[in-house]
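Only one chain is shown below, in structure tokens, and it's the form predicted alone.
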């Protein structure tokens, strides 16, 4: 469904993504895990057209989207929930949802989809007239996800959805992510620094270090890896190796 082949991306002179090849199948949640600065968010920004790859190709279905801009990529069916949510904080919850559908042509269906998002995230119905910047962190994350869903994407890119949230709120967010995958069949590429969370939710995963994919497999395989347990799951040397 979504395929990256030998992607190289730069920030100025910094070679941030180095020959990355990954894929997301229909109905899959695929996790990208790794430390700060590993290149995970850069991979998502490259897919969504915010950054242009220096080389390599990106395909969505049969379409080569490598050279497309962000608006065109959104229209093809790739949604992006960025790190830090990036809401229109001076506008209401409802206005943010409406703006999430700006690329659509079926204007008569937008109200129906807002109703669907309010059923999925009931707090948004209670807050629909509230200014987005006054919402709690968890509510803002729900709004960011709902806004991205208003474009009716086939693949959703999620960048650090648990960042800055209390554990109980994180659990609620992840329950909604799972519901979108199971109920809507939505494919997702999930960037998450909390490797335990990501590997408990996703079907497959890739480990990113210094811009390269250094390991991949099913999440079960990654959880059983001694290297992953020690580096990302908080297990000590003796616990893993003895």
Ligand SMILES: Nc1ncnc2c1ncn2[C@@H]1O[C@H](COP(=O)(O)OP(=O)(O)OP(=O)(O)O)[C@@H](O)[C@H]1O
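Residue numbers count along the first chain shown, from 1. Note that the structure is predicted; figures quoted are calculated from it, not measured.
Just so it is clear, the following notes concern the form predicted in complex with this ligand, a form of the same protein that is not shown.
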Answer range among 33 to 41, 178 to 186, 199 to 207, 57 to 65 for contact with this ligand, defined in the predicted bound form as heavy atoms within 4.5 Å: 33 to 41
4.5 Å heavy atom contact, residue 160 and this ligand in the predicted bound form: yes
Contact of residue 16 with this ligand in the predicted bound form (heavy atom, 4.5 Å): yes
Partner proximity in the predicted bound form: residue 83 to this ligand, non-hydrogen atom cutoff 4.5 Å: yes
Contact test, all of 23, 174 and 219, partner this ligand in the predicted bound form, heavy atom 4.5 Å: no
Partner contacts in the predicted bound form for 179 to 195 (non-hydrogen atom within 4.5 angstroms of this ligand): 193
